[in-house]
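Here we start with a single chain on its own, the form predicted alone, put down as structure tokens.
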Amino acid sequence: MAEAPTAEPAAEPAAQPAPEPRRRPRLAVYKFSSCDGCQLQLLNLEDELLALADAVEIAYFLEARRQELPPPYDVGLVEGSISTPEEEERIQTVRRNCKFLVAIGACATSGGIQSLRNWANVEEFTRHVYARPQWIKSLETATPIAAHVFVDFELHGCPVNPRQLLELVSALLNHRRPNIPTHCLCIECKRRGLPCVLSAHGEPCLGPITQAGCGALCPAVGRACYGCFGPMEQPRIGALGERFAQAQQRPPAEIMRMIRSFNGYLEPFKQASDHYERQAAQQD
């Protein structure tokens, strides 16, 4: 009797190529003329920073690490204003290297406290401060990042709110709009049940024209807001200034100084402070 044919052994399945490692988005953090406070807010995230470091590749962040990875970068965070000729050139390179560029903090979004020199003589300042002022290379003005390159988003504050900073990075990585409030600080005071510093204590509070974000930090301890988060979406500065002038008898020069602070060079604070400066000059 003939033997049954033996079955051929089954062919082994072809080896599958190993999956490529997931490429994490690259994050770069830059510093221009500033105090480093907004960069420190990123480091102050503590536990959340570990999750962020797992979600992104921190490619350039001299405040946190020495290693520098080459561009391009997916997200660039820029702290500081443009105040020197070198910075004026460097911000152009930063813009080319980043897919999304975000200005963080009052210096980057409005020029910061150093923009007060925009109303003064820079050469006179350098003569008083430096032994050899001829060595100082400085621009006549300190200006925000958006005055030099296109900025995809601006995060206000002096310093920025670390939770808002985390929300911003998360939104960019997930291709959605950041959930950053633009209403006035008074909303935060009401939510916390705080008495109105302006009405109850007669303090010249800038809360009605200032963007929320700090959690009503100063009003919570009985102090008036001084506008470190910049103007809210539609600030009625004239109405608030009229309240200061009539109900509180504040002179135009004092109102000008209140508005011309951390965000004084940012419209519409700049327009308002210039208006009260002219009023003060007329009175003199």
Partner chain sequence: MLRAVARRRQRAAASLPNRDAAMKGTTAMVVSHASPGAPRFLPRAALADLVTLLQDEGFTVVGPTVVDGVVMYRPIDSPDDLPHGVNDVQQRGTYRLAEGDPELTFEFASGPDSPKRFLFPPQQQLMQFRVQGEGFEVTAGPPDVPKIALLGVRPCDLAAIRVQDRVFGQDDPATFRCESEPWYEQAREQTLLVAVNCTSPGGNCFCVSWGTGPEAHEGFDLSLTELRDGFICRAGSPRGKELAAKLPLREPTRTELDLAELLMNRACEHMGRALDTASVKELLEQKREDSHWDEVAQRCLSCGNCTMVCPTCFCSTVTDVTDLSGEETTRVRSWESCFTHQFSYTVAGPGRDSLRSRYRHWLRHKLCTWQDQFGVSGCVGCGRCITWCPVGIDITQEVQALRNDSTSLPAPIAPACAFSSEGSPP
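Positions refer to the first chain, counted from 1. Fair warning: this is a prediction, and the values are worked out from it, not measured in the lab.
Below: the form predicted in complex with the partner chain, not depicted.
Contact check for N118: every heavy atom lies farther than 4.5 Å from the partner chain in the model of the complex.
Although the partner is absent from this view, K99 stays clear of the partner chain in the model of the complex, with no non-hydrogen atom inside 4.5 angstroms. Taking the partner from the other structure, the partner chain in the model of the complex has no heavy atom within 4.5 Å of any heavy atom of R250. When contacts are judged by a 4.5 Å heavy atom cut-off, P72 does not count as touching the partner chain in the model of the complex. Although the partner chain is omitted here, in the model of the complex all of S170, L198 and Q234 have a heavy atom within 4.5 Å of it. The candidate stretches are 251-259, 57-65, 44-52, 24-32, and the one lying within 4.5 Å of the partner chain in the model of the complex by heavy atoms is 44-52. Of the residues V151, I91, C186, L155, just one reaches the partner chain in the model of the complex with a heavy atom at 4.5 Å or closer; this is C186. Among K137, R192, R132, H128, the residue placing a heavy atom within 4.5 Å of the partner chain in the model of the complex is R192.
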